[in-house]
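Shown next as structure tokens: one chain only, the form predicted alone.
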Amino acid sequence: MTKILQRNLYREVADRIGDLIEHGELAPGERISEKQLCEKFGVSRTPLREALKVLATEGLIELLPNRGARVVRLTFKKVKDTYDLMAALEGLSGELACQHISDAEIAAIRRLHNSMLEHYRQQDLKTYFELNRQIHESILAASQNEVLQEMYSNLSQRVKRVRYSKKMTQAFWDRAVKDHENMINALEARDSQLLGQILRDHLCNKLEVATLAGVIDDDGPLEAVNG
């Protein structure tokens, strides 16, 4: 991993640690070694500790009094509560997007979707996830509501390692792709009510995948989930 040279070190360090958490290199519940991370990133303890404070406010780690920090262990209830709020925000973003989005923006999202389908057929999960993320972010941007986008982004960071779990079964992947096809059709029809409902329901798949993959602690039944 390359050394960090940017002037605004603590934010860059926070992003790097977030990536380690997202990709499972720092596991849920794992204690964070300041010494190892300082050596890995080529920084002193000051920007590292500032980064840990940022990540604590973002819900990715917890600070332990006089004992350093550790990666937050996500529970079923915590993820479900977060998804319930994200689903409401994403549904609203879809409704607003149908009111404001241009034909050119819809066409761009359709191109992203078609490219995503190609990578789905190739079983290229990494690129599929990247295009998937761009589609959701494009719809959020089309809502033209900056407060909504900021709130959604903050919540998304907390559960990013769950939402883009790489242990998705084929059945769940097939269902997610079908959701996206319905999503794009509703957007092209500017059917705000339908698109909002599809987006609200869509996160349910991800919660099931995360529980099955052992990404979160299963402290509640899957049947308790509402899209």
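Everything quoted here is computed from the prediction, not taken from an experiment. The first residue of the shown sequence is 1; numbering continues from there. Rigid core here is just the name for the largest C-alpha set that superposes within 1.5 Å across the two forms.
We do not show the form predicted together with a further copy of the same chain, though everything after this point is about it.
The three residues A88, L96 and M151 all sit with a heavy atom within 4.5 Å of a further copy of the same chain in the model of the complex.
In the model of the complex, none of the heavy atoms of A141 sits within 4.5 Å of a heavy atom of a further copy of the same chain. Contact check for L37: no non-hydrogen atom falls within 4.5 Å of a further copy of the same chain in the model of the complex.
Although the partner is absent here, V147 lies within 4.5 Å of a further copy of the same chain in the model of the complex, judged by heavy atoms. Although the partner is absent here, K77 is a contact residue: one of its heavy atoms lies within 4.5 angstroms of a further copy of the same chain in the model of the complex. Of the listed positions (L92, L125, A108, L117), a single one reaches within 4.5 angstroms of a further copy of the same chain by any non-hydrogen atom in the model of the complex, namely L92. Taking a 4.5 Å heavy atom cutoff to a further copy of the same chain in the model of the complex, the contact residue among Q193, S33, S44, T169 is Q193. Across the options 183-191, 47-55, 25-33, 169-177, residues that bring heavy atoms within 4.5 Å of a further copy of the same chain in the model of the complex belong to 47-55. Once the cores line up, the CA of D179 ends up less than 2 angstroms apart between the shown form and the other one.
In this overlay on the rigid core, S44 has a C-alpha that sits 2 Å or more away from its partner position between the shown form and the other one. In the core-superposed comparison between the shown form and the other one, the C-alpha atom of E58 has shifted by at least 2 angstroms.
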